[in-house]
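In structure tokens, the next block holds one chain alone, the form predicted on its own.
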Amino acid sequence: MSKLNTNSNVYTFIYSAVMVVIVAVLLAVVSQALAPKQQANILLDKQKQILGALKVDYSAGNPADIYMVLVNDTLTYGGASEHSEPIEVYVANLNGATKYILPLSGKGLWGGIGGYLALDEDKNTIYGVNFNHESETPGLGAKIVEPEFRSQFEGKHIRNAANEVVSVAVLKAGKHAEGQEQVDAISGATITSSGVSTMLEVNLAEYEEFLKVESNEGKEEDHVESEN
């Protein structure tokens, strides 16, 4: 029986094919083994981001445990149209007050941006926000994650005087959004700031049906009080 010539093209092909199969099998095994841990890390990151929107300091405790205590329900709603995918709203009880947390996703300058928006029980007043990004420019667009930018949204309202969901505009200092409350854009990061503004507008439009639930009654009460 003749030996396979290790210098031949046939040997090189067979060897390469065998190694590819072995590496593929090993990668599949490792991926399967790490999948539960990866999913756990993804869930933990999500919980941390939601706690961030609620302005909860979890550094001294277990974020997952704190999340389980505060966030006690998840509501699922259809989108703004029959073709929209279902959307989720997280419900938290913070110091006896109900907060609604809405997931956000959009596009920045170099990649995806996202986060969570926490609303007071009136579904109109912003309690807190937490943004994230994939690859925005450090010192510029990446500043959307910093408290200085996020804190501007606190206390702003997402509905106008006509009770329409209009979001909050992110604009350069000196510019004005008609019929909207606004925050200052990040200097030198116009595209990322615009991306945040668009993300809020588009995502809140998807939640419009949910946001108007129980809101008309509160609006009418405010109107009556203003006339007295």
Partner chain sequence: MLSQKTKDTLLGPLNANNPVVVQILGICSALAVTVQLKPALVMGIAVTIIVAMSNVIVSLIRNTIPMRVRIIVQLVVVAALVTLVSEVLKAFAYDVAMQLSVYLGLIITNCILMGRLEAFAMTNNAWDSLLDGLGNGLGYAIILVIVAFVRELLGSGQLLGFQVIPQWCYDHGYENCGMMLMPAMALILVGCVIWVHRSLNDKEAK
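Residue numbers count along the first chain shown, from 1. All of these numbers come straight from a predicted model, not from anything done at the bench.
Keep in mind that the form predicted together with the partner chain is missing from the display, and what follows is about it.
K.L.:
Taking heavy atoms only, is Asp73 within 4.5 angstroms of the partner chain in the predicted complex?
P.N.:
Heavy-atom contact with the partner chain at 4.5 Å: absent for Asp73.
K.L.:
Does the partner chain get within 4.5 angstroms of any non-hydrogen atom of Glu88 in the predicted complex?
P.N.:
No, Glu88 is distant from the partner.
K.L.:
Is Leu26 a contact residue for the partner chain in the predicted complex, using a 4.5 Å heavy atom cut-off?
P.N.:
Output for Leu26 is yes: heavy atoms within 4.5 Å of the partner chain.
K.L.:
Quick one: does Asn124 come within 4.5 Å of the partner chain in the predicted complex, counting heavy atoms only?
P.N.:
Asn124: no, not in contact with the partner chain in the predicted complex.
K.L.:
Looking at Ala161, Val69, Leu34, Ala173, which has any heavy atom no more than 4.5 Å from the partner chain in the predicted complex?
P.N.:
Checking each option against the partner chain in the predicted complex, the one that comes within 4.5 Å is Leu34.
K.L.:
So which stretch, 94 to 102, 150 to 158, 127 to 135, 114 to 122, is the one near the partner chain in the predicted complex (non-hydrogen atoms, 4.5 Å)?
P.N.:
One stretch meets the cut-off, namely 127 to 135.
K.L.:
Which residues from 172 to 206 come close to the partner chain in the predicted complex, meaning a heavy atom within 4.5 Å?
P.N.:
Result: empty, none.
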